[in-house]
Structure formats: C-alpha cells, structure tokens
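Here we start with a single chain on its own, the form predicted alone, put down as structure tokens.
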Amino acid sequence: MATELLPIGILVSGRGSNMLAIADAIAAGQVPACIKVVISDRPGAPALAAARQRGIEVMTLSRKQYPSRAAFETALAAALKDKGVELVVLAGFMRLLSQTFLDQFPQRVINIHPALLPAFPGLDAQRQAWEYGVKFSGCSVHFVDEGVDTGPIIAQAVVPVLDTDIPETLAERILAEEHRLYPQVIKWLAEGRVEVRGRRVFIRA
C-alpha cells in the first residue's frame, strides 16, 4: 500500500542548497513527502531557478508588494494553503515570521540553523562559533516561534571544529550535515513520529 505523501512548501531567500537536498531525498524515495511549491521573498533568488529546473512550482512574494508585514504574511500563508501545504520548511528564508503566519500552521513550521542552539542564534552563526573558540559546532532543526531561532529543537548534528578551520571551512562541513539532517527530520514528521511536550521534542521509534 502506498504511503500518503506529506505536502510541503519551502520558503527560500537565497541559493536554496537545503531545498535541493530535500528535493533529492524525496526523489530518491527516502522521504515520504512532496514539494508543492517553493516560494521566495526575493525575485532573483537562485533557488527559484534551481527549483524550476526540477519541475517544482515556484512563486515570488515580495514584502514590498504589501502595505504591512501582517498583510504579507497573510498572503504568504494563503498561497501555501492554496497549494495544500501542511508543513512549511524554511530553507535560508531571511525573514522572521510573526504569530500572524505561525497561527496558520501551528507546530508545522520548521527551520534549520547552522549552530548548536541555543548557542549562536541569528546571522553568521558559523563565524560566531569559530570566533568564540568552541571545539564543537553543528546544526539544529527546530520548530519556528516568534523569536530568533528559539523554538523547540527537533534534532541536532555535531561537527568538530578543527584547529585548521576558518569560518568558511567550518561552514562547509556544517552544511553537509544540514543536507543530511533536514530531510531526516521531514521524514520523521511525514511518518507522524514527532511529539512535542513543552520545549522537549521526542521522536517515536
């Protein structure tokens, strides 16, 4: 019997390497999901061309088109719902989402961050970790709330910081783990194995 596929929508602002990793995992039959739409807030985002090349529907919604943040987020949520999206995946989406949007997809918006949260939230996390002198960094997949990288953590991957590292080499190795971890988390969500209790997230066997 065929497994029902989880319909996802991916929000991007840049090159979309995590979006491509997810698409590859789905195409390989590793993740029981389907990408209904890729939406960018930036018309020139390279991720849009990459998605088109794979036959994925794309849209652009620019914040400048709307009179307020709430109007933009309402339109964004409506566009995703129009495509039947049940899980919203942020893949380099460079906008904070407010409760206006999050209320439309309760505990169904996830993000990946290139550090071991709660350490080093926000931008340029790999450089933050390197400059601080940590011996281990990594990436975190978390549910999105109104804060900056503050939602409940679903999964993390650890990356050692080498003595020879510079921020760019550390970022490359973290990105490789992002490409592995993000599809894995979407698989768990598609299989209904993720349970949230307060701030703690459990993955059922």
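In this text, all values refer to a predicted model and were calculated from it rather than measured experimentally. We number the residues from 1 along the sequence you see.
The following text describes the form predicted together with a small molecule, which does not appear among the structures shown.
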Completion exercise
Testing 129 to 137, 70 to 78, 113 to 121, 99 to 107 against the small molecule in the predicted complex with a 4.5 Å heavy atom criterion leaves exactly one stretch, namely 113 to 121
Exercise for the section: Report yes if any heavy atom of Gly16 sits within 4.5 Å of a heavy atom of the small molecule in the predicted complex; otherwise report no. Expected result: yes
Problem - Contact test in the predicted complex: Ala91 vs the small molecule, heavy atoms, 4.5 Å - result: yes
Practice task
Tell me, yes or no, whether Leu175 is in contact with the small molecule in the predicted complex, where a contact means a heavy atom of each within 4.5 Å.
Solution key: yes
